[in-house]
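Below, in structure tokens: the form predicted alone, a single chain.
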Amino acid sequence: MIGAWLVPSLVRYGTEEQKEKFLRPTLRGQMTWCQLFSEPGAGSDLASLSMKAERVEGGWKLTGQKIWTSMAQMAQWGFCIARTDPDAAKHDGITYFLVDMKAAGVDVRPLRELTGDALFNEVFLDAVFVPDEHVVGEVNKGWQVARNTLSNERVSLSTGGGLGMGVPELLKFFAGKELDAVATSEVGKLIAQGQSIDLLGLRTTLKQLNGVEPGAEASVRKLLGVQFNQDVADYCWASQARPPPPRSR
């Protein structure tokens, strides 16, 4: 799933060599990715990131910390943003890199939850070398590429497969069950909401196919979609606690 957020950005901003190397294996599931964006001091205000990238012969050396990174412990590659010009304005001076997660200097540490599971990680990069051919887009113009990736992430996470239960799970849950008039109306309302949210995703897809950057639809869809996922899950759990409707005689 995470690799799918990267694919449209590579299609739009990547070199032909990058597309040849990364697109096909990613789409086939042969190459796994993680997203190296968030930092301890740069979460919702991502442009405040402090990871630095220093110019060296043939590429860059990245130093800093990323956090809340899903899949980092098993990912082969990471897409990362780092500050290449500390004197530029906050949203400028950022560059987008493709990082080999097996490179020297990459240290992945799990973040343990109360259950003992480690769904997220913190990743430390200590002078990790990234060659010039793994820079996506222009140097110091990485914020534009990152916005494209984030838009695709928002669309992906707003679907049932991203963060919970959607229309397919709702239909599966109630398959073969007898519903009274009230339940039929409530389930129908949820299905209509889900279809409307999916249409926002279709609008974003059509804009991208026509060469237009993802706009506010992606953010709106994530906001509505995540709430919808929660509403579907809540409704299904509540339905389990209700007594079944009386059978008609």
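The first residue of the sequence shown is number 1, and the count goes up from there. Treat the numbers as computed from the prediction; the structure is a model and nothing was measured.
One more form of this protein, predicted in complex with a small molecule, exists but is not displayed; see below.
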Per contact check vs the small molecule in the predicted complex (non-hydrogen atom within 4.5 angstroms), the hit among 192-200, 23-31, 179-187, 61-69 is 61-69
Quick one: of F124, F173, F129, F120, which gets a non-hydrogen atom within 4.5 angstroms of the small molecule in the predicted complex?
-> F120
Contact flag, Q35 vs the small molecule in the predicted complex, heavy atom cut 4.5 Å | yes
Closest heavy atom of N210 to the small molecule in the predicted complex, within 4.5 Å or not?
-> no
